[in-house]
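Coming up is one lone chain in structure tokens, specifically the form predicted on its own.
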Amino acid sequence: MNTIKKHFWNEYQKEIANDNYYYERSCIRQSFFPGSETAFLKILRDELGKKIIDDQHQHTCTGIGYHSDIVQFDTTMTICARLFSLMSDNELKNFVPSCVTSFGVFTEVVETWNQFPEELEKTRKFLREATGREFKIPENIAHPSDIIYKYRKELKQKMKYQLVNHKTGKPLRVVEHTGCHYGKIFSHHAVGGAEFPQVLAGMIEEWGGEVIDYPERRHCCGFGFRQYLVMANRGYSVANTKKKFESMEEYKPDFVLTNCPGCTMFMDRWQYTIAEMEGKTYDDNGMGIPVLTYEELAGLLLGYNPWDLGLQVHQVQSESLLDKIGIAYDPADKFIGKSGKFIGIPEKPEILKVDYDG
């Protein structure tokens, strides 16, 4: 029986390159959670000793425009081809897109080229005419969360903290939320597929936490592109997020972990919106449930400064979580920028409680 189960699980695995990565940054991740990408590069270079190129000539994948029916697919394929040409210029074969929407876009483009070679030749022609550039298709496309998952055991050996309440000794209870564009569009390119997504659960369990299974575990975060980008549709967006939090509330999670910048942003920001609209939070102390990226979580457990990771830019503040884990931090440094200058204290929300005197 164990052999049968092991064979079955092998169908849900994916190849993740070991080293020599070309990194493609996320447009919205840099805007919402800028410390996450910096942390990822630091972890790969300093903790794991990997080579990863962060190219100054890179650009957007067009994902938001494409999924909003603003950018045509021919244009998207050509834009992706230019990014692949930058990877080729660096003599690399392993492509690492920061955003799960980008991950989905690049995967769709390569799948299209594999099934319809004429589309590949058309794209080569468009790129050559527009820029004079040529490109090679990546041999491996891995999301950064794939790489952190792959090296989760190695990173654990370097971590100063675990996902354990240092006062009670009990594992922290964690809700994992895997982005739709990672696990649902081309599910065979995701660790565990759409049925058994493991990329975040594997980190949580390896680092000492307990994964919460709850009814709306696979429900959308509420972003949905057209749900949010069209202002009249934003009620659908917040309603989706509310449904998730109502479902997880009774399980009393210590925090939410995501691998998509949109999911992080909406599950973080909509908690503030719901509190303002209905006077409701989904925790016991009125401060909301912290929502972290996997880079932020790995950085915290490795001992990185929470404020260097950018936790102060989240809507739901994280001090309650830091205190549970036993992570040391200086409240006085919370709003000191990288330049050493005070950047100002945000205005306090009306309902959602925060750990600063704004």
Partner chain sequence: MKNWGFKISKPRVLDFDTANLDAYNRLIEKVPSAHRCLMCGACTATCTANLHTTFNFRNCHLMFRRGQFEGLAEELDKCMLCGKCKLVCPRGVNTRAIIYNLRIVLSDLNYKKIEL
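Numbering follows the first chain given and starts at 1. What you are looking at is a predicted structure, and each value in this text was computed from that prediction instead of being measured.
Form predicted in complex with the partner chain: not shown, discussed below.
- Out of the listed residues Lys153, Lys158, Lys243, Arg133, Lys243 is the one that sits within 4.5 Å of the partner chain in the model of the complex by at least one heavy atom.
- Screening Gln227, Gln198, Thr281, Ser88 for any heavy atom within 4.5 Å of the partner chain in the model of the complex leaves a single hit, Gln227.
- Contact with the partner chain in the model of the complex, judged as any non-hydrogen atom within 4.5 angstroms, is confined among 284 to 292, 133 to 141, 218 to 226, 202 to 210 to 218 to 226.
- The partner chain in the model of the complex comes within 4.5 Å of no heavy atom belonging to Asn114.
- Residues of 232 to 251 that come within 4.5 Å of the partner chain in the model of the complex, judged by any heavy atom, are Asn233, Tyr236, Ala239, Asn240, Lys243 in sequence order.
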